[in-house]
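Just so you know, structure 1 and structure 2 below are the same protein chain in two forms, each on its own as structure tokens.
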Structure 1
């Protein structure tokens, strides 16, 4: 079972709130994003893997008292506000969770050549040599 499987719905809802361009992804696009994120997480210690999944689970129930719905069931604008509130939370773990999740979403999306080209990112594994040719 994949690492994100238990929290896939929350991950996708958060990704759409963090990066609105993610709303255009089809199922194969989401599979690519999740594969990149899971490959990156697989290189991290087990503790870090558990923390990101735990954060996604906490994120999904966090808005229940205020909005009476889980995070993944909220409209995108409300999800954006929830994440914005959490990135300013008093508890450092919540702030770190938002920033870590944001980093994973950006990595999963923009490391795909089609998406990095769309923003003009032209870095190459060949370094400066790629620009000279």
Structure 2
């Protein structure tokens, strides 16, 4: 079973908050992001894998007291605000959780040539020659 499976809904909800462009992903776009994240997680120690899934679970229930809804049910802007708050949380574990999650989301998205090209990144092994042609 895939490592993300138990928390896929929260992962996608968080990914959209972290990276608004993710809201435009179709099912195959999500599959590409998640494949990269899965592969990266699979190479991490088991402890790190467990931590990220645990963090996603905590994240999903975190806003319930304040917003009366789970994280994955909140509007995108509110989800972004929740993550911003967590970035300033007193506990380093929560801050690290957000940092780890955003790293995975950015990896899943920006390492894909189609997305890096869309922001104007055009590096090529051909260097200056690629610019001039």
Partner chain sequence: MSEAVTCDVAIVGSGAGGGTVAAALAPLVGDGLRVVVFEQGPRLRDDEFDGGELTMAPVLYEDGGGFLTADGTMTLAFGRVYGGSTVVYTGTSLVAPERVIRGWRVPGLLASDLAERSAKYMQQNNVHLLSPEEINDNNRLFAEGCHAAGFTAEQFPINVRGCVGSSLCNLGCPNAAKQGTHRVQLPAAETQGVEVVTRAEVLRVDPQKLRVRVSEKPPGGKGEPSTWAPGEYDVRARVIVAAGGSVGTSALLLRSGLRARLPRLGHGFTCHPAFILVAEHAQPITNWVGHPKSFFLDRAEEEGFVLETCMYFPFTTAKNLTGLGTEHAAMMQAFERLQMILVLACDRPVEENRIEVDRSGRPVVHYTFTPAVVESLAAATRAAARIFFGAGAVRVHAPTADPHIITREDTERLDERITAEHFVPGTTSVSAAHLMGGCGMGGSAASSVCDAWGRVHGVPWLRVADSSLFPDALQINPYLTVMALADRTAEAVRRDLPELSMVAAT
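Residue numbers count along the first chain shown, from 1. Note that the structure is predicted; figures quoted are calculated from it, not measured. In this text, rigid core is short for the largest set of C-alphas that superpose within 1.5 Å between two forms.
The chain as displayed in structure 1 is taken from the form predicted alone. Superposition on the rigid core between structure 1 and structure 2 places the CA atom of residue 20 less than 2 Å from its counterpart. Core-superposed comparison between structure 1 and structure 2: the CA of residue 113 stays below a 2 Å shift. Core-superposed comparison between structure 1 and structure 2: residue 122 shows a Cα shift of 3.2 Å.
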